[in-house]
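Encoded as structure tokens, the following chain is the form predicted alone, with no partner shown.
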Amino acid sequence: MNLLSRTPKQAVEQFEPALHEAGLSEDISIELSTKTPGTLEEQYRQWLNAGRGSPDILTMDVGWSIPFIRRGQLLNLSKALSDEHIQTLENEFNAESVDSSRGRNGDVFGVPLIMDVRGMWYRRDLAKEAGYDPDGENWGTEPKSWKEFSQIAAAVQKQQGTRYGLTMPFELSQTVTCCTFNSIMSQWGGAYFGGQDYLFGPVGDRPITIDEEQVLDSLRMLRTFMWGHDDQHSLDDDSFVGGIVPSDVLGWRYTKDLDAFLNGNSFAYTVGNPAFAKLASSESNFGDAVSEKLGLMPKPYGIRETDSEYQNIGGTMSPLAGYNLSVNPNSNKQDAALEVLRTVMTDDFLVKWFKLSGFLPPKPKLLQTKGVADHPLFGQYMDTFSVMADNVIPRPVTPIYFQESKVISQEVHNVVSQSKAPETGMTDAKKQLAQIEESYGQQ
């Protein structure tokens, strides 16, 4: 099986021993390789199309599984696992992570290994020096509005002399569709396809709502943050402070924007995970004072969920990322592969894996248990991660997701980069999405 290339070396080396400690039969051994996420999807497609029997276990991004399921290329776990294990998946694991490996009839094809939910990292020390009280004001659990956050970011930027108030990955790529814009649009109550009920289809028979006013407001906010109120398509509300996000982020993706935060040039950063926190603890960045310097708050909101037209959209929201484990239906070692998956589902393994890798366990209840909440570095952020785990928005994955993602990311990027007005860009996006949905037909 494969693990991600960014998995810490110690975690890769201890993956199999951790499984044996959690109860995996000693006569089962695991051959591991590490690959970059960008190469895995294409590699799996080639291998499975060719009918290869290895790898036996497939590490699937939550944004990849459904097309493989629709092509019949993953083992149906609802039939291969016991009812007890399926009930554990349904009742104890993050529901959206499980749904990302679900077939049209509701059957499950993957066991979550990594749940990646995200909050807003910020410089706690700089906020305090600027006169704020993050701990006393419960910044870790009580979401702020984007209006209030922009005022804080601008104030800290000005008083503490940081180059930027906020950085985010906004390079023209699928990252815009799946994550950066998906969450910001949802925080304003907007949706690509009419809410969570239509995330995974039916293709060709679902509303296309990317041109609705709440989506346009999220784009106007981004233009305000990036270009200021002189932009003719900024928000008509001066209490949102402009100019806190550098336009350079239109070419940044996960590295330069992260570096800007780690190097002390930005007050806040919109993406991150425990692996990032581990990086932040290095001597070259925050030193041994990382706990004092690094704060995490829930994602800000544009409108409250109670004011949203769509159920479970609006308020603080995190994009859902992460990885599930599926079984190759061509494998001649399916019994062993299924035992590995059953062991992965245990609390003992998931807590051990978190300690080794820094990846959040996909059972939300574990975030508040001993061994996770007591972690000397990550434990202090678990209350925030619990809030975000309750408020995730998956990407709209269907067999035509990659086609539609390309349209969405291009048109959103056109708008935020000032190449098109919000109304024009989203009208153009809607027309193209309608053509793709109609050409594919109902799935």
Partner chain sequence: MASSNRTATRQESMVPNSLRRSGARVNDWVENLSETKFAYLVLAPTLVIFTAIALWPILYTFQTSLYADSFSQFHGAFVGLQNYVEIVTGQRGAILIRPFFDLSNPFQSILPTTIIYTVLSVVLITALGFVQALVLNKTFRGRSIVRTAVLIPWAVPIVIQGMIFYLMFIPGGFGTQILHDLGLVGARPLSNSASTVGIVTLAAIWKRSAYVALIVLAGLQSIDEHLYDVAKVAGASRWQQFRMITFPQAVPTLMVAMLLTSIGSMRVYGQIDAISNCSTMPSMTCAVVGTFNGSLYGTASALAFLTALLIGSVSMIYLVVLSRSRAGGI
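Positions refer to the first chain, counted from 1. Remember, predicted model here, so these are calculated numbers, not experimental data.
Below, we turn to the form predicted in complex with the partner chain, even though it does not appear here.
May I ask whether W227, Q403 and Q432 each come within 4.5 Å of the partner chain in the predicted bound form, counting any non-hydrogen atom?
Judged in the predicted bound form, W227, Q403 and Q432 all sit within 4.5 Å of the partner chain.
Answer yes if any heavy atom of R342 is within 4.5 Å of a heavy atom of the partner chain in the predicted bound form; otherwise answer no.
Outside the cut-off, so no.
Can you tell me if H375 lies within 4.5 angstroms of the partner chain in the predicted bound form, counting non-hydrogen atoms only?
The answer is no: H375 has no heavy atom within 4.5 Å of the partner chain.
With the partner left out here, check for me: in the predicted bound form, does some heavy atom of R71 sit within 4.5 Å of the partner chain?
R71: contacts the partner chain in the predicted bound form.
Considering non-hydrogen atoms and a 4.5 Å limit, does the partner chain approach K256 in the predicted bound form?
K256: contacts the partner chain in the predicted bound form.
Which residue, W252, F286, Y132, F354, has a heavy atom that falls within 4.5 Å of the partner chain in the predicted bound form?
Going through each option in turn, the one that passes is W252.
Considering M382, I393, V407, L40, which brings a non-hydrogen atom within 4.5 Å of the partner chain in the predicted bound form?
Contact residue from the list: V407.
Within 4.5 Å of the partner chain in the predicted bound form, counting heavy atoms only, one of 409 to 417, 53 to 61, 23 to 31, 384 to 392 shows up; tell me which.
Of the options, only 409 to 417 has residues within 4.5 Å of the partner.
What residues in 159 to 176 sit within 4.5 Å of the partner chain in the predicted bound form, counting heavy atoms only?
The stretch 159 to 176, when checked against the partner chain in the predicted bound form, contributes E171, L172, S173 at the 4.5 Å heavy-atom cut-off.
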